[in-house]
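As a starting point, one isolated chain is supplied in structure tokens, in the form predicted on its own.
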Amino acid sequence: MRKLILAPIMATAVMASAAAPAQDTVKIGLIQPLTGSVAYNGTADANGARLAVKERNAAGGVLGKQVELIIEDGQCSPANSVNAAEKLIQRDRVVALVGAFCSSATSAVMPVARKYKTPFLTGVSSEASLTEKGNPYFFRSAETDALLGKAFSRLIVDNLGLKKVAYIGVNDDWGRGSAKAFEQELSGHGVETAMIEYFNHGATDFYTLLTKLRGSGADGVFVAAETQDGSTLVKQIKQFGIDMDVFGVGSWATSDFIKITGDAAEGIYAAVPYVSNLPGERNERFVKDYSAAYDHAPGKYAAAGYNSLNIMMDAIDRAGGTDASAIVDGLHATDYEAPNGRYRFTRDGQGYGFDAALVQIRDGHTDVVATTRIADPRADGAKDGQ
């Protein structure tokens, strides 16, 4: 299993080349897909996390110590992610976990975190039920499928004028949950459902699915996919000559997606929790620093990695030590000003208060059509985490 360790930037060359005693650093484990069909996105998340740790170490670290970020490749696989979590907790002795990107992988790691009483934060996994499992060690600094659908369904209907929509998603917890959430919300606005179909990670031939789409009578298609899968699907939609509005969730507004999809990306709408051209000084500074480090602007997953590590490091600082219960209390006390707004948590560990955007890809760039705030899910009597 691939392992990457971010050497603290304030450490000397001797420290970087020799294993430091556990008490000399604060170890945080990160599980991301660094290989496979979601590697573009997992790498972006890891890069954002590295930047957050680099900045924190330059400012003195956490608890007066340098932060050591230990990264494992979970491949978005539940089994591999569980193995990564076991290694990080048992062998590397991390005090907290962040990850594991795909909702199915994160769900599989949650019992491991609970078993070892290790605080666990995801900055990406959006399947709604994760924060409904009653796991006191689990937190999510990301929107749920349901919250995103509720926030953007009216905007999508108003901007695209859709009457009948087809839903296509990757066949995992996130893809199914996203399609279900948006189908429910759009149906509530009078939009008819043309079809609901799923595909497997790494699919390369969408002929059968697109034949169904062409004959569905839809005037719009919702897609839940990440960079590699989404790019292949969108290019084949264009090749098939299917002329309908394409919108969805996932990696649509990232520079990687736009680059590898090319002209086929033109006109696509995306509902995202972050885009690099959001207004505000904090985002301008983040974009400048990230671009200097990686030679391209950050996307939603880079921001997710950056935010989740900052939130976890803040919580450890508030805890005044590495006791798990104190770190959990520190997470509950989160009031984090991010490049895309302000993060807080419900008692179930669901993040809220940050901004999200509806964007359209035009001439290789993202134009912000509208922004909205991800509301406290408890508003209007809703249960925590929904």
Partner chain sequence: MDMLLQFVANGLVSGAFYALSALGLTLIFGLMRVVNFAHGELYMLGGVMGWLATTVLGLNFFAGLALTLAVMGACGWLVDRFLIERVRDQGEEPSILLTIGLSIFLTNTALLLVGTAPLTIEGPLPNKPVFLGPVVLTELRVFAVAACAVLILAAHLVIRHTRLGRAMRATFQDPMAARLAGINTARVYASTFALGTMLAASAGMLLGSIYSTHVSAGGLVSLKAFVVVILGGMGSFAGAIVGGLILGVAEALWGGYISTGTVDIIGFIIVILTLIFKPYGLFSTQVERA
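Residue numbers count along the first chain shown, from 1. Predicted model only: the values in this text are computed from it and were never measured.
Note that the form predicted together with the partner chain isn't included here; everything after this is about it.
Heavy atoms of every residue among Y40, F240 and I260 are located within 4.5 Å of the partner chain in the predicted complex.
Of the listed positions (K212, R154, K133, K180), a single one reaches within 4.5 angstroms of the partner chain by any non-hydrogen atom in the predicted complex, namely K212. Though the partner chain is absent from this view, in the predicted complex it lies within 4.5 Å of a heavy atom of just one residue from S104, T193, Q236, N159, which is Q236. Among residues of the shown chain, Q90 is not one whose heavy atoms approach the partner chain to within 4.5 Å in the predicted complex. In the predicted complex, the partner chain lies within 4.5 Å of some heavy atom of G36. When the partner chain is considered in the predicted complex, Q228 lines it closely, a heavy atom lying within 4.5 Å. Although the partner is absent from this view, E197 contacts the partner chain in the predicted complex, with a non-hydrogen atom inside 4.5 angstroms. In short, of 78 to 86, 270 to 278, 202 to 210, 114 to 122 it is 202 to 210 that has heavy atoms within 4.5 Å of the partner chain in the predicted complex. Shown here without the partner chain, the chain has no residue in 272 to 308 lying with a heavy atom within 4.5 Å of that partner in the predicted complex.
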